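Given as structure tokens, the chain that follows is alone and in the form predicted alone.
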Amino acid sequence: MEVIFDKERVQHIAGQTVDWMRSIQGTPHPMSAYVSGIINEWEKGGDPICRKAPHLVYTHLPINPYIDDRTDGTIGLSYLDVAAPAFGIGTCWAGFIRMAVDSYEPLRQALEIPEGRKMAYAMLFGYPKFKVNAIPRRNPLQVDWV
């Protein structure tokens, strides 16, 4: 697990992710049709990748030609995601970074992923700008025990 506390470095990683998006524009990549709006927002000074989060954490695991399972690293971040609110910390899964990292070497270098390892998943975190005062309403859970 790696933790990046430097906000400027997190922004650099967001920029590398946008550069990956530029590289897939007009290609058969499944995200190609969606990236132009994200790139436009970035170019206007927005941050649709990291939402100006101050910190980033990611898990990584050994590259194994026989096993391509990122579950363990994702479970580790899930525990962080569940525990963080008890400390007043907000989290957000960094899906765009996760999508880009395997196919865009400059992003992999910016993240400084150790040699022989691959990213499992990434998560943004920091103290939230807004305080949540209520849990969103949900439909009651319906469970059928069989």
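Model, not experiment: these values are computed from the prediction. All residue numbers are counted from 1 along the displayed sequence. The term rigid core refers to the most C-alpha atoms you can superpose between the two forms while keeping them within 1.5 Å.
Just so you know, the form predicted together with a small molecule exists too; it's not on screen, but the next bit is about it.
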Residue (of 95, 37, 106, 46) lying close to the small molecule in the predicted bound form, criterion heavy atoms within 4.5 Å: 95
Candidate stretches 65 to 73, 25 to 33, 95 to 103, 52 to 60 - the one whose heavy atoms come within 4.5 Å of the small molecule in the predicted bound form: 95 to 103
Close approach of residue 138 to the small molecule in the predicted bound form, 4.5 Å, heavy atom: yes
C-alpha of residue 138 off by 2 Å or more between this form and the one not shown on rigid core: yes
